[in-house]
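We begin with a single chain expressed as structure tokens, specifically the form predicted alone.
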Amino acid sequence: MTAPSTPPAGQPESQTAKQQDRRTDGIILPGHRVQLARTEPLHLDCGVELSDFTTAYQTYGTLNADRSNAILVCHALTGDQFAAEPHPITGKNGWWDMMIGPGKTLDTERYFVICANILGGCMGTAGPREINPATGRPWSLDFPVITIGDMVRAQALLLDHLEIEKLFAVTGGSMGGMQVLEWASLFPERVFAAMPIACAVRHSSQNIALHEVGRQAIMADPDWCGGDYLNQGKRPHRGLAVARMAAHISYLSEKAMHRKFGRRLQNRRSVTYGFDADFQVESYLRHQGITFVDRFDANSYLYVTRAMDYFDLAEKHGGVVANAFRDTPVRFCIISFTSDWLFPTEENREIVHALNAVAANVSFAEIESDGGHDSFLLDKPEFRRVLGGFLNGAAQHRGLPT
């Protein structure tokens, strides 16, 4: 793991995204923060214009002289910008620490890696728990509803600030993969290679239903206060924990659940004939829920899950997915996992078929794994080999030094 580097030199001091402290609920968040859309607002898909908003991001490695080695890593629903360093709240390793660093797949001795907290997030980027400058109070539900496209356009503004005209690559899994597809569709001239992982061209009705269960759990918590809990000094931690528990089930496969837990009891020899956590799997899910509420905001969960639900590349292009990539110059590598039932291989293949329909340069790999949807976060040698091999080939075509 490498420490976050400083942004590119040559910018006016007032425009440089310097290392700053960010205090959130008593926690000081390290990293870069920058104000974007100061001279021209960001036009959101919902029709609202968002001006002078904050984006928090981390960088790893060094940007080369011609600014051609930048890789944007897009995080998933419950991820954030701390991809390859200890998390400032949990202390755990970054969610892609196994992939980003010297000599790793995203080699920071070769690439300049950027990871930004998404628009609508809760780790320093503008979202419902940040301060609304018009009121001096948290935005809460007054924050405009955002889409995956809005997230990507905000990231494009960040690249403008960093004076990076074209990314060498953009990658990410799950919701991060949706952002990758949106990048290739909205800004094909700014992307050389795209690596969407474990995602789809649209959110399925089943996945929308799963998200709705989580949202209803949050909104049913009396401490949600109609979304105004921050101003009332409360937190809907119970509802958010249940939402996380329900979602986490969908990230694993049945085989993985059985291997990890089976029907083993938790710290006891027999059942209690009550409603404590008799089984290890119950204790595990409760732990997932409890630890999640320490680092995530309930309203952000509502906003980000809704953004995923609204994602549909076909709908935006006359009902034909291929139209989103017509005449694309981008090189693609699509990756899925055999046990992923949240974004199954057949949905990833739909991306490949759409790219084939427009004669795009596309590779596809289905990785054998029983880890479920979360396989892209696990140490899977075949996954690292495929992604690294594609990156090496793309780097040769791009003319980057090996």
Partner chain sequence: MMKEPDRKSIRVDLQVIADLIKPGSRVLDVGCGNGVLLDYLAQFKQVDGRGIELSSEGVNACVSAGLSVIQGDADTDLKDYPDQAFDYVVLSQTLQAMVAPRAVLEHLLRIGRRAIISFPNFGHWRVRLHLALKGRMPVSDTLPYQWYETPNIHFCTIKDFAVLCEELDITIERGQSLARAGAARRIGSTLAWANLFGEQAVYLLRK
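Model, not experiment: these values are computed from the prediction. Positions refer to the first chain, counted from 1.
Heads up, the form predicted in complex with the partner chain isn't pictured, but that's what we're talking about next.
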Segment assignment from 50-58, 361-369, 33-41, 66-74: heavy atom within 4.5 Å of the partner chain in the model of the complex: 361-369
With the partner chain left out of view, which of Arg306, His161, Lys104, Arg331 would have a heavy atom within 4.5 Å of it in the model of the complex? Arg331
Quick one: His353, Arg385 and Gly393 and the partner chain in the model of the complex, is every residue within 4.5 Å by at least one heavy atom? yes
Does the partner chain come within 4.5 Å of any heavy atom of Ala357 in the model of the complex? yes
